[in-house]
Ligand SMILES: Cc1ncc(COP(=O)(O)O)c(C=O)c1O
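Below, in structure tokens: the form predicted alone, a single chain.
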Amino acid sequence: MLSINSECILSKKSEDIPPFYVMEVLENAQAMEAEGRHIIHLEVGEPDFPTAPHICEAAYDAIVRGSTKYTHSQGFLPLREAIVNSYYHKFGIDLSPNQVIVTSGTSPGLLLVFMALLEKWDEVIMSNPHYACYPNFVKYLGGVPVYVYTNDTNGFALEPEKVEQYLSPNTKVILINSPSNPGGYVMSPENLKGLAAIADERGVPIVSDEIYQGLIYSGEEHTILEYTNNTFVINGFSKLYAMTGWRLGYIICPSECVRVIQKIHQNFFICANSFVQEAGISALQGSQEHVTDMIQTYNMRRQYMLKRLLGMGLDVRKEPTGAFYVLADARKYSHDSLELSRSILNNVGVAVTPGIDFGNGAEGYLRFSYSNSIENIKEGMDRLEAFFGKKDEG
């Protein structure tokens, strides 16, 4: 068997990347399932709905007629046109298809934007808690994450007044996420306007992760593009259209930045899959009935889960109204969220995500995903109630 000394060949920045704990929870849960245990999955942020038939048929038809070649590095023009039309109909924003770069998922899109913007030691302001992978992107490219600690009384929202306190000559990007992972909060128009004002005044662009756009259950949805042009929007099809495995996303960026990002895309990724792009056109232009039904189902699950979690002594101080997550304060039971999540999985067979995955601002919290059937959510809540009930008795 060939063996190597990893210390001799692997880069330090690669070895220093922390694990993505939600995936480790999932993998441990799958190993337990392989041994015959029944696990309730409340950890993974993936729609449990199938991709709509008309989207699948569009991909099939594309393959049959031979649409399996390279496309323009920015993506099919009809898809880019459909994307800007969707923003016009939702928000009344006029965009050019030339501002869109189609990517193989939103993670490559975020990587491309940071590759285009960041030099060594450039600072990226982000909230804490935050999506687990954000700081890893920044640090891997030589940047410095600057954390703004938020609180659960306002849904962990990144507030303009706090952001201003962290601005420095090295600030290169303000990173936002709404609707958010892990908190499920939706940024108010006032917050977005305030952050946009900072971007315009200081000349610091906003990178806005809007992958959960459309998954809201109260109030109106917004995009940062309503308030500033000094922004790079990351969005895609994974969540709203239940297309996680299709790997289809896009960047909307200022016209003057397109060529640079396009060249990086050409070199590192070439283009997104051709037939998947055609499926994306069908997703945007076809019937939205499945989306409406999915949102109604999520909302029912959300309300049920919130009621049950509160009933077992977990605190949720501001109701989450977007995405499909509840980030609940479990410090009544433990301040070590990783160990608590392991104990829950091992003792009652419920997989949940430890808050520490999202930064130390979420330590002691647990994230619960309601992207699972109501039957499984009910069973999971029953098991959790029994687990925490024993904790109370102890």
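Small disclaimer: the values here were computed from a predicted structure and weren't measured. All residue numbers are counted from 1 along the displayed sequence.
The same protein has a further form, the form predicted in complex with the ligand, not shown here; the description that follows concerns it.
**Student:** Does the trio Ser127, Asn151 and Gly359 actually contact the ligand in the predicted complex, every residue with a heavy atom within 4.5 Å?
**Tutor:** So, no: the whole triplet misses the ligand.
**Student:** Decide whether Ile206 counts as a contact residue for the ligand in the predicted complex under a heavy atom distance cut-off of 4.5 Å.
**Tutor:** Although the ligand is absent here, Ile206 would stay clear of it in the predicted complex, with no heavy atoms inside 4.5 Å.
**Student:** Decide whether Tyr131 counts as a contact residue for the ligand in the predicted complex under a heavy atom distance cut-off of 4.5 Å.
**Tutor:** Result yes; Tyr131 sits at the interface with the ligand in the predicted complex.
**Student:** Is there a heavy atom of Asn177 no more than 4.5 Å from a heavy atom of the ligand in the predicted complex?
**Tutor:** Yes, Asn177 sits close enough to the ligand in the predicted complex that at least one of its heavy atoms falls within 4.5 Å.
**Student:** Against the ligand in the predicted complex, would Asn181 count as a contact residue? Criterion: heavy atoms within 4.5 Å.
**Tutor:** Yes, Asn181 is a contact residue.
**Student:** Among the candidate stretches 153-161, 101-109, 71-79, 119-127, which one is within 4.5 Å of the ligand in the predicted complex when only heavy atoms are counted?
**Tutor:** Only one stretch passes the 4.5 Å heavy-atom test: 101-109.
**Student:** Within 4.5 Å of the ligand in the predicted complex, heavy atoms considered, which of Ser238, Thr171, Gln262, Ser282?
**Tutor:** Comparing distances to the ligand in the predicted complex, the residue within 4.5 Å is Ser238.
**Student:** Have a look at Leu195, Val186, Ala272, Ile211 for me and say which one sits with a heavy atom within 4.5 Å of the ligand in the predicted complex.
**Tutor:** Looking at Leu195, Val186, Ala272, Ile211 one by one, just Ile211 meets the 4.5 Å heavy-atom criterion.
**Student:** From first to last in sequence, which residues of 36-63 have any non-hydrogen atom within 4.5 angstroms of the ligand in the predicted complex?
**Tutor:** Heavy-atom contacts to the ligand in the predicted complex: only Gly45.
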